[in-house]
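One chain follows as structure tokens, the form predicted on its own.
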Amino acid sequence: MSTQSIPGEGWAVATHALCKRYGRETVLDGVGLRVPEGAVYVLAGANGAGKSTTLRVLMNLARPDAGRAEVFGMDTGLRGPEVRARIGYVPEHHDHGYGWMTCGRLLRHVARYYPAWNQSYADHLARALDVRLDRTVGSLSKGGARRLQLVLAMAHRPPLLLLDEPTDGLDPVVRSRTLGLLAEHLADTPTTVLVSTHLIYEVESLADHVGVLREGRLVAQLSRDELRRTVRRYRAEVPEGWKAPPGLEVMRTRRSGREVQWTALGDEREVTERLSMAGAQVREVSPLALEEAALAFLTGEVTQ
């Protein structure tokens, strides 16, 4: 099974053999991202895996050393302003560069750049996220700056949201409120969301696609349905001296005496039959939660 492709057409985001280096460090290594229009796509990975760099390339804030990126079919390197006009972006860092402005003035300033800016919606988001319009941007806490960024990103109802660790700096109550607002936004607005996070459990209920970046390489890319169908945990009893049959795509193995647990890729019936024919007695097969599956891809090499 290929874990690097999502079948279908109509990509909101597509990258082609994307590579980016900073000095001798390779940050992105041949990344081929495919985000379907209308999807909520979770880009998972540890800190330093290349998630933020990917989003910066899509915004044309960083240029790739090789490959290219497209947003709604537009090359981000050639049509950067047009691309950014269609994106609501919450960046990794919190510096707006307008520290002397009040939050209210910054919102009015940004609104001028977006013909589709919805002032009543901006007011609603600001109230819901408790954005103090009279506070200067430079005086905001990390969480306060993040709440302001969310209003700026969502108020013009863009067709694409790029959210880089969107709940970073928020307390648990505001995190829950933010995720609720995002769910409402998706219900009311035709939007594609690419969210970069290492807190996968927070967005699991919204996600319908997942990609996993590890050390700059896209090691998995699946729809949620495909992930549930093909990534499973198998628990079996095996005889003394038993060896796994060839051809299994295994990400994790745990063994305690004669009991073995595998996290494996593939059709459940085929995997179960292969184990049984090799002499294992399969006792239990269970699907993995989105976070468990992503962690399996992050921490384990697929072996055959």
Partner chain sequence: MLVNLDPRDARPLYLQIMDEVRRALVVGTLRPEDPLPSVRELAADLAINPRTVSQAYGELEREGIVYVRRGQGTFVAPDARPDREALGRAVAKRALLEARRNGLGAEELVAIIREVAAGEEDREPSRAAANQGERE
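Positions refer to the first chain, counted from 1. Remember, it's a predicted structure, so these values are computed and weren't measured experimentally.
The same protein also exists as the form predicted in complex with its partner chain; that form is not shown, yet it is the one meant from here on.
A.B. asks: Out of D134, D188, D171, D95, which one falls within 4.5 Å of its partner chain in the predicted complex, going by heavy atoms?
C.D. replies: Here the answer is residue option D188.
A.B. asks: What is the one choice in A183, M74, M101, L199 with a heavy atom within 4.5 Å of its partner chain in the predicted complex?
C.D. replies: Going through each option in turn, the one that passes is A183.
A.B. asks: Of 247-255, 30-38, 47-55, 270-278, which is the one stretch near its partner chain in the predicted complex, taking non-hydrogen atoms within 4.5 angstroms as near?
C.D. replies: Stretch 30-38 is the one.
A.B. asks: When its partner chain is placed as it is in the predicted complex, are S205, R235 and P287 each within 4.5 Å of it, taking any non-hydrogen atom of the residue?
C.D. replies: Yes, each of S205, R235 and P287 comes within 4.5 Å of its partner chain in the predicted complex.
A.B. asks: Can you tell me if R283 lies within 4.5 angstroms of its partner chain in the predicted complex, counting non-hydrogen atoms only?
C.D. replies: Contact with its partner chain, yes.
A.B. asks: If you check in the predicted complex, is V83 within 4.5 Å of its partner chain, heavy atoms only?
C.D. replies: V83: no contact with its partner chain in the predicted complex.
A.B. asks: Is R105 part of the interface with its partner chain in the predicted complex - any heavy atom within 4.5 Å?
C.D. replies: No.
A.B. asks: Can A126 be called a contact residue for its partner chain in the predicted complex at 4.5 Å between heavy atoms?
C.D. replies: Result no; A126 lies far from its partner chain in the predicted complex.
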